[in-house]
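This document opens with one chain alone, in structure tokens, the form predicted alone.
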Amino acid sequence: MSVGSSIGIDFGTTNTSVVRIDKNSYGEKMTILGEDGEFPFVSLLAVLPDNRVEFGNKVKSKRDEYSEKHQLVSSLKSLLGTNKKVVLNGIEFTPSQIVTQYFKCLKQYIKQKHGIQIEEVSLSFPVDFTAKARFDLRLAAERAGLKVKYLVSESTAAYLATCKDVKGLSRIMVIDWGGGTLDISILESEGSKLREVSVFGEKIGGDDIDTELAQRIHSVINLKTADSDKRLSFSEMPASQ
């Protein structure tokens, strides 16, 4: 990175954004290091039979095809801080190891497509992330060769990105509703100081809404299936369906 530049990663349950900010005597410039331009990276991994890993929109756009031949891991972020293990091609991975694979793909893509070698980053995290989840996030990044300069709560990061729009306000509420959680933060600004007065996090996000809709649609289809032998429980449904 050039002098006066920094890179931030907003690792999301559904999508991940990477931004570089360059500062000089003229001010600062923000560059979105996205997928196929400025699009966020899809937070999705596909592990091939030979253990090669692919990620992002390439996997999402061919999800049905990939689910038949490869093993998919979605909502990786929700695994952090848990003791869940993921078995891929007979190999057991911890949550941080899975996220490390994603960060490696991210790092390699940005180097190839944007010509930028990422070595140091700032990472954002949800307000309800436990100490273990934050530790897993940092560990995953560092195992991918990314030195973590700062860990910043997502509510604070959102405020810093839009502070010019709320200039003059001393107390701000930030609502962050993503794929994994609903987070609400009350921030208090006084001069150059910013502090979180209160935070609230609830495990209800886009993933939960998707599951609820899928279960309701599944129950309707089952009721319309005359042959009871052809009815499948929701957990038995193939991933491609």
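Just so it is clear, the model here is predicted, and its values are computed rather than measured. Note that residue numbering follows the sequence shown and begins at 1.
Form predicted together with a small molecule: not shown, discussed below.
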| query | finding |
| --- | --- |
| Segment that reaches the small molecule in the model of the complex - one of 25 to 33, 48 to 56, 189 to 197, 176 to 184, heavy atoms within 4.5 Å | 176 to 184 |
| is_contact(G206, the small molecule) in the model of the complex, heavy atom dist at most 4.5 Å | yes |
| D136, heavy atom within 4.5 angstroms of the small molecule in the model of the complex | no |
